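Shown next are two forms of a single protein chain, provided one at a time as structure tokens under the names structure 1 and structure 2.
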Structure 1
Amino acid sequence: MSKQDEQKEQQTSSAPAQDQKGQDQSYGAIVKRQFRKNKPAVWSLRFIIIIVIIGLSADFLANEKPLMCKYEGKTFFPVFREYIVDLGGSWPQELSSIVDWKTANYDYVVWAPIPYGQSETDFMNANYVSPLDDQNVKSKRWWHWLGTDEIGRDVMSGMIHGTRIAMMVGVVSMSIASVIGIFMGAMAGYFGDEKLKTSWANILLFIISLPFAFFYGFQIRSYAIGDAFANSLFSALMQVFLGLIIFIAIIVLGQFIAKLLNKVFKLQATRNIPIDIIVSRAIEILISVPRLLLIMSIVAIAKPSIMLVMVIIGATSWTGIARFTRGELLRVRNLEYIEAAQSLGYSEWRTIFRHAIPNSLAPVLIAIAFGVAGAILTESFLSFLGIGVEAEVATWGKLLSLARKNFSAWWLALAPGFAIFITVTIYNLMGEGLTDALDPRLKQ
């Protein structure tokens, strides 16, 4: 059977699902129309695209290495080459001898628009050179458009590389928050307090397998994880991830044994798990603790790492998303098509993940949009305080904190703060636009 036929068959066999999809699209069309009417939101969407582009191409916009150069008769692309070096490759023979890229003797050379790296120091223009004063540069091409800091780092370059960090903070932390929040909210909303039933054997084996899972997942490997954290964040994340996999595997194994026991002894799923209460309580606990202090105290015990900050922000900011999802699922679970899915004999998990959640994701977007704004704010404040940011990484918050060291450097107080402000504003505008667009009361 060709692939097309297969698809066709799938389509015909899942007629109800397709029907539902059609309805979904029309709702989507309404939302899109509503959203387009909101000019500020549309503009902020465009702005976000620009920010993403700047973030992705930060290395090409501001770099101390040339984009392209002809050196000793050969043409090189040092900025591209750097990615290969980062992945474990090496510099070509000719280039490896270059210590200072600026003074090397090229046949011809194309510099990045901002020819300075984020941690490169320009000694000729150290000690807070204003963008408006005289700068000790060869020509306007080398001008520090946003001035320099105390040791002569170009602020404009820092701003561009900071854009990437801000973008990553939004993406990474909100992905984590969404996964946790949607899962928790869906469980709480779909099952409520009465619907999640299980047997004694399941609960018992869960309790028994928990210490085992903890022991084999983390305890036994705690030194390996600790050493990995001291080495590099990547290996640490891999270790933690491996631990999680072992942890989950053991829990699943326990549940599998429970399933066998259920079959053998014909146990009924009679015990009720009040999942809604559990999740609501967890949310309540998380919002009662001042989040900033919580994040700070977790980040402060580890080695400074911007990635860790993102992960922790994500892991502590899922409450809003969970509440939205819970509310939506409370509504969705009573709709007919869920009943249909249940009566067709689909498993609970399939019903939740394939049918209930996809239909309740739209409002979660609002929480995510505002969440990105909040995450960027939190991260920039943390790096403003100098918590959790590596010495060689430039972030907006870190640049802004330099303004407190020298009051006369007005450009350091203005540029990074303005970038944070604009980014937060456009995400807030997005959130507002989405709120208006998704509001069912406005649906025509």
Structure 2
Amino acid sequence: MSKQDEQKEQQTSSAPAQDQKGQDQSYGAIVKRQFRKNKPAVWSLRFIIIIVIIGLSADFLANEKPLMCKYEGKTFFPVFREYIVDLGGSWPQELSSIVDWKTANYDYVVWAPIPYGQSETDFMNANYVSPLDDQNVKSKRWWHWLGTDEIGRDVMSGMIHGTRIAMMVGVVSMSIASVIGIFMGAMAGYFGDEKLKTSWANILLFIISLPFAFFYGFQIRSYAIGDAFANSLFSALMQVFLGLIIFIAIIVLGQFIAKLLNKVFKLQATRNIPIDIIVSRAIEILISVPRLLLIMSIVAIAKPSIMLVMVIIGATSWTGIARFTRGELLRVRNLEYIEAAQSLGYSEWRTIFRHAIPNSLAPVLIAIAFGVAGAILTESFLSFLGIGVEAEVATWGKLLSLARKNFSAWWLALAPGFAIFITVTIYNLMGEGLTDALDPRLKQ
């Protein structure tokens, strides 16, 4: 065989498999084609992208500060500067003297599309001004397009900033639930009741360090995290990221101390941990307790914080993800590639995180999609009841609760209620699309 024939044969063997129509037959390509057949799921994904963009750019869409202005002969970008101030910087001397941004004597100014902050009050249009009423504004530029509430806060601005809170609650809470659920489910499915062995020092230090990690990572910083969510998305992400670093650092420190204790006191004795039984019973206990009642009980006795709400929702929503992961690990742990990794001498942890879990995440994506919708609905319900969220943070549920004070203020119920309905619906539709696309019986 010539070299050219060998090269052609190698290229043919390395290329992805194709059918008679020339379509890629890899698993990812099949899932994409199957997902595109579901038009409601495709449009739901597009709407989710739009909602995420609105949430990320909330500070630039609705803000009482100018996007750009020329003041006292200098050009400033107040919205961008606010991010620096949130990180510990300061306002320029020229801007620090401004008390009311709207009445300042600018040489040139560019306002946000909605020139109102989420907590700014317009006393000239207070006491429930409808979007159809005559509003006391200088021009259409200052119109309240969705009306105002009792004290004159702009409903449109609250809706835009509430979008950011809804997306953050869904993403952060389900990220926490995914980490817990995937880890616990993987441990239960892979190790079972006999394969996991560790020392008593590791167990005790993990149990002791876990509440300290949560306290110093999130609880003691709840006010700082809540203020960050009220200010800007960037500062909120920074505070959440810092809390995660503190949480992980304390857990790692506890395991490091356990390792030292094992060496110093020669605690070499290990014990089998029936991790499958422990995880399965924990799932059953958590499922048996009404989740909403449990969340309300914890939030009611703790300091109000949006971060606390997200952590509690995530900490109580991992059961479905854990059950999916456990089932998949029970299936793949005896497959050939897992046995090959074990025969090559790879550690159990490398086999789990590099081989077993990545090949078991397809059903988990479905649970996460439905979980995001459930997290948004739960946060909206808590905000509607007025518990768990700081007073200065605008959320869809809090806007919806304002309609209870005045039943004639129909716009306060219509806008947030419609937003909650659409968001929960499109996430459920996307979850159904993922279910169909990942179902091997539907691949054609």
Partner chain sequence: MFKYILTRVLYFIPTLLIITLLTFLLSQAAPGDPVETRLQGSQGAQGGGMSEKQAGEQAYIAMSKKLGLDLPPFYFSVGSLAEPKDLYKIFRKKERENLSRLVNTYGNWEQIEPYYYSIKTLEESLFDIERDTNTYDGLKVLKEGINNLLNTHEDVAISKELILMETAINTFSTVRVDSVTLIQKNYFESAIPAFEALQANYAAIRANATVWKTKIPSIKWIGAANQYHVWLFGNKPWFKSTEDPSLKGGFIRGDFGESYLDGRPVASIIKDALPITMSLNLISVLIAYSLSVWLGVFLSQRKDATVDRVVSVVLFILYSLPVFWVATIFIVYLTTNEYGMDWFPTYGLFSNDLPDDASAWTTFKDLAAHAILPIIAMTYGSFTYITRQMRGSMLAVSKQDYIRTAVAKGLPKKVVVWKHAFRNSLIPIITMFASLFPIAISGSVVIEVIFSIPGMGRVGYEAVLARNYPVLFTVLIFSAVLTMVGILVADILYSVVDPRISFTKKK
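It should be emphasised that the depicted structure is a prediction, and the values quoted were computed from it without experimental measurement. Residue numbering: structure 1 sequence, from 1. Between two forms, the rigid core is the largest collection of C-alphas that superpose within 1.5 Å.
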task: Can you spot the form predicted together with the partner chain among structures 1 and 2?
output: 1
task: Indicate whether residue 246 shows a C-alpha shift of 2 Å or more between structure 1 and structure 2, with the rigid core used for the fit.
output: yes
message: Does residue 373 shift between structure 1 and structure 2 by 2 angstroms or more at the C-alpha, the core having been superposed?
response: no
- prompt: Is residue 217 one of the residues whose C-alpha moves 2 Å or more between structure 1 and structure 2 after the core fit?
  reply: yes
message: Could you state, for a rigid core superposition, the Cα shift of residue 258 between structure 1 and structure 2 in Å?
response: 9.2
